[in-house]
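As a starting point, one isolated chain is supplied in structure tokens, in the form predicted alone.
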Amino acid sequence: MKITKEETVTLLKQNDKFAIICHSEPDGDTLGSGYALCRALQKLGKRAKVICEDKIPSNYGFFKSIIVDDDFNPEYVVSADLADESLLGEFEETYGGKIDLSIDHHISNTDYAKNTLFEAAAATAEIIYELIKLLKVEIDCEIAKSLYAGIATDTGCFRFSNTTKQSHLIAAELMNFDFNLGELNFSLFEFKSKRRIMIETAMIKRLEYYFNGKVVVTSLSKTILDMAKGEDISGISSIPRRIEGVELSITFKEQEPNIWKVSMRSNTYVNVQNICAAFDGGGHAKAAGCRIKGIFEECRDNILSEVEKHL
């Protein structure tokens, strides 16, 4: 059931023991949203913890010091920035069908939770910012840093087309708090591990161009991905779309033999959410994904056949 921010605040006030779930392969928005909300609830005297299937990437390590660790059995489960339960990863077996509240900005949200707060914001962190205001929790430096990280990463450091005036206004307010902005932005956008360089090299070697160079396809095998950590592949799908003349990039990541996670990024009018929907996926107009089974060549050709309908 879709609910308002005011109704969401009522639910948060009525409950006391929260598990806040981030999606698998966590990015800055799901982590920033989850940790900011968790700290806000803890400041209200409630028990709350953040959980995620995957290890937090090292460049997001600062999140760990933002909240007080607490071990308890949660009574109310909240998901932050999850469009679908499949993004729970292995936690789907535990929490599937048991999520009480979804707070999300993905238009492809499948209404899997008992209650859903959806707004078409640039980042879920923007929605969390509004909720914290309505909860009348005083934003401190740690909450500000978390929310800034969420907004900045999901807008590509305010470069992506989803960036709005509201994104800048919220970020400007958050920058009034005493955290090192340059250091944070370096951690979010500049830092690369040696493994990350290896993966980028493998990705570039696999580039294939279609439709007169408007579409680029690349793939990463399970062998390569197994050599990396989750943090090493964060944001990797955005790299091919930066190539001159490319309107749409498609990155295949092999999860298991012949099982591929497909990530699409659009630079123009092409709505990749609609393309991914044909394969039971979803996301945003400019960034979406799906899963597909089969040998790479067949999967690639099936995806390209659908892409052609939208060019």
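This structure is a prediction, so every number in the text was calculated from the model and none was measured. Each residue number is its position in the shown sequence, starting from 1. Here the rigid core means the biggest group of C-alpha atoms that line up within 1.5 Å when the two forms are laid on top of each other.
In what follows, reference is made to the form predicted in complex with another copy of the chain, a form of this protein that is not presented.
- Here the chain stands alone, but in the predicted complex its contact with another copy of the chain, taken as any heavy atom within 4.5 Å, falls in 241-249 among 241-249, 40-48, 270-278, 22-30.
- At a distance threshold of 4.5 angstroms between non-hydrogen atoms, residue 129 is out of contact with another copy of the chain in the predicted complex.
- In the predicted complex, residue 168 approaches another copy of the chain with a heavy atom inside 4.5 Å.
- By the criterion of a heavy atom within 4.5 Å, residue 193 is counted among the residues contacting another copy of the chain in the predicted complex.
- Contact annotation: residue 94 falls outside 4.5 Å of another copy of the chain in the predicted complex, judged by heavy atom distances.
- Between another copy of the chain and the residues 172, 227, 120, 141, the one pair within 4.5 Å by heavy atoms in the predicted complex involves 172.
- Of the residues given (86, 110, 163, 115), 163 alone sits with a heavy atom within 4.5 Å of another copy of the chain in the predicted complex.
- Contacts to another copy of the chain in the predicted complex (heavy atom within 4.5 Å) from stretch 102-126: none.
- Fitting the two forms on the rigid core leaves the C-alpha of residue 54 displaced by under 2 angstroms between the shown form and the other one.
- Annotation: Cα of residue 210 displaced by at least 2 Å between the shown form and the other one, core superposition.
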